[in-house]
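Here we start with a single chain on its own, the form predicted on its own, put down as structure tokens.
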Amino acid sequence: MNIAVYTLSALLVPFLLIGFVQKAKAQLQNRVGASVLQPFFNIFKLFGKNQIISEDSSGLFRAGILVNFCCFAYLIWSVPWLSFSPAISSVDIFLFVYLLATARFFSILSALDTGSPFGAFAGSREATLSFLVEPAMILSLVAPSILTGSSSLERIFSFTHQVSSQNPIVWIFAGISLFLVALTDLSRMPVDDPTTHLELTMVHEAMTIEASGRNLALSEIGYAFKLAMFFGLSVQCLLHGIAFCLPSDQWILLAMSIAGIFSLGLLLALLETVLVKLKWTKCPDFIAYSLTMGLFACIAALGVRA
């Protein structure tokens, strides 16, 4: 039963989240907007289209997209972003970080392999952003790891562990840090504008500008998995911060996790409606906020352990 529910959630929630964010943004901007189910239609349409591949590209272009998809497909199944994970082998912090780095590395190689100047610009920006934001992501995961004394994500985010109802400051700081990390790592506002038509200012969209057909579909699926996973981990941290008043029923926690993910999606839609894109030189200042939150969480966790 757990495996069936988790699989269904992993297949539906990421795409519904993207559709919900797009619909919410449209409503906030006084537009009708596309249906919440539009991401599903887009994926099915892309799988039915032919692929157009640059003559300058090699097999690395397709391999990079496939490796990127496989990494996120494994993580969405193994990481407890919905209050539990049915995977037999648990993922620890180190494997999580290295799989994210592997997916990013191959996606950058795929963008560079086509010889497109837009892909090269975007790959350079992606490498810079990942270099700046990775310490904040690690600190936000290390803080709850200090409380539990384990690097396993399954143990860290387990609601049965004693720390689940203690030290709310650590969890709240870690959750805020992960949400800010997600905005940067996913190239959302205010770091990047995913709806702009200027390829020279894009990050994620310009990296996939040469992809089409099934290649583009796999890239979009991997991005949806990544968005849901990061938002899910942020929600898990925030739920652990208020675990003292939460029920212990697994299905209620699952429903609250999904509701929390869509709440962060609504917040994302609001931020992308009212904020403007930062200058490239101002992005490190924004990333510093997530790093500071992660550092505060680690200091608070060390204080508790001491």
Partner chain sequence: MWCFLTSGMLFIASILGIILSISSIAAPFHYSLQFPIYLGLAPVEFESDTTSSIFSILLFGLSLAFSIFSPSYLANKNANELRLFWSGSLLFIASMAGVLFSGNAILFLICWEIMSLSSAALVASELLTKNTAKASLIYLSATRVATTLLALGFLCANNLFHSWNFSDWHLMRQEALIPALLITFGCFIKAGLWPFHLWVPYAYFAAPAPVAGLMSGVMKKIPIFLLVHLLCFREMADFWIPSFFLALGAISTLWGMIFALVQTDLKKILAYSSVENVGLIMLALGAHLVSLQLHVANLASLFLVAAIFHLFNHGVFKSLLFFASGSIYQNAHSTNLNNLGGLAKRMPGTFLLFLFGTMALCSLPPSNGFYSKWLIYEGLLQLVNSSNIAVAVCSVLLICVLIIAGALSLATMAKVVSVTFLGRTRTKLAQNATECSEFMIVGQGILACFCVLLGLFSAPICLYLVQILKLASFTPPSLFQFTIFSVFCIGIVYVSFLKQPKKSSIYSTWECGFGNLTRRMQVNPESFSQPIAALFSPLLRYRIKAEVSGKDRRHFPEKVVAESTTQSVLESKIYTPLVQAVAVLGKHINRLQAGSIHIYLFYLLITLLLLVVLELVR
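Numbering follows the first chain given and starts at 1. Just so you know, these numbers come straight off a predicted model, no measurement behind them.
In what follows, reference is made to the form predicted together with the partner chain, a form of this protein that is not presented.
Interface residue among Ser248, Ser35, Gln27, Ser58, judged by heavy atoms within 4.5 Å of the partner chain in the model of the complex: Ser58.
Checking Ile93, Ile172, Met189, Leu186 against the partner chain in the model of the complex, a heavy atom within 4.5 Å turns up for just one residue: Ile93. Interface residue remark: Glu205 is not counted as part of the site for the partner chain in the model of the complex, having no heavy atom within 4.5 Å. Though the partner is left out of this view, Phe44 does not reach within 4.5 Å of the partner chain in the model of the complex, counting heavy atoms only. Using a 4.5 angstroms limit between non-hydrogen atoms, Arg62 touches the partner chain in the model of the complex. Using a 4.5 angstroms limit between non-hydrogen atoms, Ile53 touches the partner chain in the model of the complex. With the partner chain left out of view, the stretch that reaches within 4.5 Å of it through heavy atoms in the model of the complex is, among 252 to 260, 234 to 242, 65 to 73, 267 to 275, 65 to 73. Residues from 102 to 138 that approach the partner chain in the model of the complex with a non-hydrogen atom closer than or equal to 4.5 Å are Thr102, Phe105, Phe106, Ile108, Leu109, Leu112, Asp113, Thr114, Gly115, Ser116, Pro117, Phe118, Ala120, Gly123, Ser124, Ala127, Thr128, Ser130, Phe131, Leu132, Glu134, Pro135, Ile138, in the order they occur in the chain.
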